[in-house]
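Encoded as C-alpha cells, the following chain is the form predicted alone, with no partner shown.
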C-alpha cells in the first residue's frame, strides 16, 4: 500500500498541455453566450423534482403505550416529540456508521507498516468501542421515550446517504491510511456538532437526564476529534521529514 505522496505521470491538470489549453479556452469563450438554454432548463427540471418529490421518510408513532402517553404529554405542552425521535435516530445512524468507519480504518492500519508509533491500534479500537457504546446509549434513550430505535426516520436516512461517501473513501483499496483518516476527521467534526445539537434539543423538550447522558458522549467525541487531528498532523509531518 502506498504510504507517501509521490510525483507521477498525472495528466489531469489543464496545464499539462498548454497548446490544448489555449484551444479549449477559445472554444469555451465562443460557445458560452450560446448555451444558456440547456442549463436553465436543467435548473427548472431540478426545481420541479424538488417540489413534487415525496418526503425522504416519516417518523413512526410511538411503539409502546408508555411512549404514546409521553408523546401525548409533550403535545399538550406544545412540543413535537417526533422531532426528538428523528434527531435521536439521526445520531443512531451516524454512530452505526462511525463503528464501521473505524473497523475499516483498522484494516488499513493493519495493512500499513510504521504507523504504530504515531497511531496506536489500541487507540483506534478504543474509539470504535466508544462509538458502539454511544449507539447503545441512543438505543436505550429511544426506547425510554417509547420510540423504535430500528426505524429509518428522515434524518436517519439523510445521514445514511451522507455517510456513504465516507465509507467509500475508507474502503477504497487505493486510499492510504492518512487519506482514509481524513474521512474520520470529517465524521468526528460532524459528530461533535451533532451531539451538541441533540443535547440542546433534549433540554428544550424537557429531557434533562437524556441531555446529561448525551453530554458525556459529546465529551468523548471531542477527545476523538482531538486524537484524529493529532494523528493527521503527525503523519503529514512524518511525510515531510519533520517528525
Partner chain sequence: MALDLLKMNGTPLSKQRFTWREMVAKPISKLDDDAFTRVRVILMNGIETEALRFQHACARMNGELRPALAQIRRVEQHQATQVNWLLGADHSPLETTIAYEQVAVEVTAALAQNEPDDYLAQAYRFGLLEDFDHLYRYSALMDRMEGKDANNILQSYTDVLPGRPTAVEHRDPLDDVREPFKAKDAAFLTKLNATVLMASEHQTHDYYMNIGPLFADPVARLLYAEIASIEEQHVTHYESLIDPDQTWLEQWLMHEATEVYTYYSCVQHESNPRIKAIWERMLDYELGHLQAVRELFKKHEKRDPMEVLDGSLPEPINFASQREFVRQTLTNEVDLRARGTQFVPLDQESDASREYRAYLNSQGSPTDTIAKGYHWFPGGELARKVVTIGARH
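By rigid core we mean the largest C-alpha set that fits within 1.5 Å across both forms. Model, not experiment: these values are computed from the prediction. Residue numbers count along the first chain shown, from 1.
Keep in mind that the form predicted in complex with its partner chain is missing from the display, and what follows is about it.
Only one of 209-217, 194-202, 46-54, 179-187 lies within 4.5 Å of its partner chain in the predicted complex by heavy atoms, and it is 46-54. Residues 109, 117 and 227 are none of them found to lie within 4.5 Å of its partner chain in the predicted complex, as judged by heavy atom distances. Of the heavy atoms in residue 96, some are within 4.5 Å of its partner chain in the predicted complex. A residue is said to contact a partner when one of its heavy atoms sits within 4.5 Å of a partner heavy atom; residue 83 fails this definition for its partner chain in the predicted complex, lying far away. Interface residue remark: residue 129 is not counted as part of the site for its partner chain in the predicted complex, having no heavy atom within 4.5 Å. Among residues of the shown chain, residue 123 is not one whose heavy atoms approach its partner chain to within 4.5 Å in the predicted complex.
For the partner-free chain shown, 157, 160, 161, 164, 167, 168, 171, 172, 173 of 156-194 come within 4.5 angstroms of its partner chain in the predicted complex, judged by any non-hydrogen atom. The Cα shift for residue 209 between the shown form and the other one, taken after rigid core superposition, is smaller than 2 angstroms.
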